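Both blocks below hold the same protein chain, though in two forms, and each is given as structure tokens: structure 1 and structure 2.
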Structure 1
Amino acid sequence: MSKDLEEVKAILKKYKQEHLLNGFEKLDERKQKRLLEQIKNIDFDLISKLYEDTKKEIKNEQDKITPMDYLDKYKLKDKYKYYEAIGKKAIKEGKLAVVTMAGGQGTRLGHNGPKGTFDIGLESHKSLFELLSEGIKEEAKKYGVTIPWFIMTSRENNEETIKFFEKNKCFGYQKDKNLFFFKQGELPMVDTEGKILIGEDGLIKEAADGHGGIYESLVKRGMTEKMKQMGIEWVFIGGVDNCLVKMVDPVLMGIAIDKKVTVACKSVVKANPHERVGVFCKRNGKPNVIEYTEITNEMAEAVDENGELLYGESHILCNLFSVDAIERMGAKPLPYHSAFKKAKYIDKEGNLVVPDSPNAYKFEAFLFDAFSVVDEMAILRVKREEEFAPVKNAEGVDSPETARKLYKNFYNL
């Protein structure tokens, strides 16, 4: 241990992060070991760079942004049945799996526990996880198959998520047979001076590395390998917080197969040109998403000859990938974006600090930054009222109240 300790001290001195060992003597032996391990695993050069980047204004002005073509699910005419038949065949052959990204912290919702355990207030009091499980099972029944379900958790919520599933008999699924949990990666949080934080447990304060961590985690945790062994070729990846998500969609799959693309995404048309959502676009000729913070007013309002918004297809985290595309995306490091968040921490004097306003940077990768790995992808516009009811905020827009209303309208409850 003392050799390890000396090694770690040298690293910390180099990066001016010596404070990380301030509380070392007070930790028990197990935690001391863990802390040293954590420090040895930190990529300090990366963290310093990410911190320095928080001070720079991000300019993507040199990027060439152009609109991306899309298909409207309800304007496919006779092609609808054609694509649907192709997709149905692949589903019946057991080629589809679904992934739910449930590693987020859900800070805006403020629910105490993993977001998937949240009850949106239906009379049935079903949790988001239960609503999602029903959506998959109902569809799977139509094809006489079980659709394997993979759930991405974070270190923070993994145990609680698995316990919740076990308490609910895994909603009819069988753990490690057709239900798999895997943890996403993490990165340390830093304060406004670039100092890495120590959390309440005396260890490095780490936070999930964003939904963009999905590809690397699927590969590193052996999930893509498992999928291949199970004969799976297509994977739908969605968020945990859209209670109307339709993960099993033969039309989307049929389009991907027929058009020979390895990524096919669903979109809903923007509610208005200035809705605060990211929209699909091409960036320097490659598929991408442009954030509402990046788009100019002129671009947001531009329309085509039919009066449709040129940048109107919102990215709703409903994306289908071939296993091969996931593996390629997982092999390419994604850029990290910083978010300024509230984070409890232990200060240099060993006191717990509970901030009432944001005090620390969290670094996250975005799932859509990997889209540029492929040259082409298909976009399918679906109806918002059928497929998109997100639970993001405690109240107001995209809240339990709005999601519940949309859910009830769709299912005539």
Structure 2
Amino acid sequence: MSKDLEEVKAILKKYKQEHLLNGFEKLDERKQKRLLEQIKNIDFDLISKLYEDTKKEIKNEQDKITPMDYLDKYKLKDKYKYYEAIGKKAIKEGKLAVVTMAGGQGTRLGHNGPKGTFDIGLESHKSLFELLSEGIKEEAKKYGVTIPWFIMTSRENNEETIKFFEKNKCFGYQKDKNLFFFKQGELPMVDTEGKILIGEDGLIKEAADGHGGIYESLVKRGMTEKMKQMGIEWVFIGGVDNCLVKMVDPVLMGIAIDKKVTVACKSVVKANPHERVGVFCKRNGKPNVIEYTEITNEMAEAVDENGELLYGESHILCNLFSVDAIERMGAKPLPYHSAFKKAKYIDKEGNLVVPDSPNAYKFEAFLFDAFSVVDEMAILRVKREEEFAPVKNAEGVDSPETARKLYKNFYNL
């Protein structure tokens, strides 16, 4: 270990991050080894750049934002059956896999454990994972296939998630045959001076790299290679917290195949012009999502000749990609965005600091930033009450109560 230690000391000196070894001697051998590994894996040039970027004002004045076309699933008329037939054929041929992004904890919901293990309060007491598994299996049964399920966990919840699945007999799936787990990437958190933080456990304080890290994780962890070996051509990616997500949708697949696009996304119309959601748009002629913080009141309220909002298609994290598109998008990291957060850490004297206001930057990538690598994509508007019941907050909007009501109404429970 002494050789590794000297190597790490040299790296830290170069980047003025020597404080990371302040508590090294107090750690047990296993943690010492882990800390050295963490440090050797950090891209210090990237972290320095990301920190410097937090000081810059983001300017989007040069960007030309224009509306994006979409199809309404329930106004397709004769085309509905046409697209559905194309999608059904591809599903029957085993060309679809589904991915659930499940790296988060249920902390905001008052739940101690991975978010996917959360019980939304149905009489059945089924967890989010079980509700999702039922949805996939029910659809797969119609086509006489098993649809492979890939689950993105995080370092924080990977072990607990796998144990939960094993305890529940993997909900009828077979681990490493048609059920696969892979971890999300992480990046160190830094303070307001650009110093990397040490967490309560004496190790580098890292945070998940956002849902935009999905592409790179799928590629780096060998999941896309596995998909290709299984003959999979299309992958639906959705979040764990939407208990009404429809991951197996032949109409969406049929549209993507027929229109020869490599990305097809679902949207729901905004509840009102000022709903705090990202909406699909074209940015400088390329597909994109504009965040509610970027959109002007004038744009938010603009309507077309039919009275429909020009910027009314909400991005709901329900996206279909070709495997080739995922590999292109995962070939290099997406741009990172910084978020100023409260983070506990160990200071250079070895004391635990519990801040009462934001004190650190975490860096995350957004899944939709990858949309700009394609020239065209398809948007399919679906009904909120049929496909979008997220569980994000303990109460109020997008809470277990609202999700439970939507779920019960949909399934007539």
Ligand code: UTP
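Numbering for residues begins at 1 and runs along the sequence of structure 1. Take the two forms, superpose them, and find the largest set of C-alpha atoms that agree within 1.5 Å; that set is the rigid core. Predicted model, so just to flag it, every value in this text is computed and none were measured.
Comparing the two isolated copies of the chain, the first one is the form predicted together with uridine 5'-triphosphate (UTP). Core-superposed comparison between the two structures: the Cα of residue 202 travels less than 2 Å. After superposing the rigid core, the Cα of residue 15 is displaced by 2 Å or more between the two structures.
Once both forms are fitted on their core, the CA shift for residue 305 between the two structures remains under 2 Å. On a core-based overlay, residue 193 has a Cα shift of 3.0 Å between the two structures.
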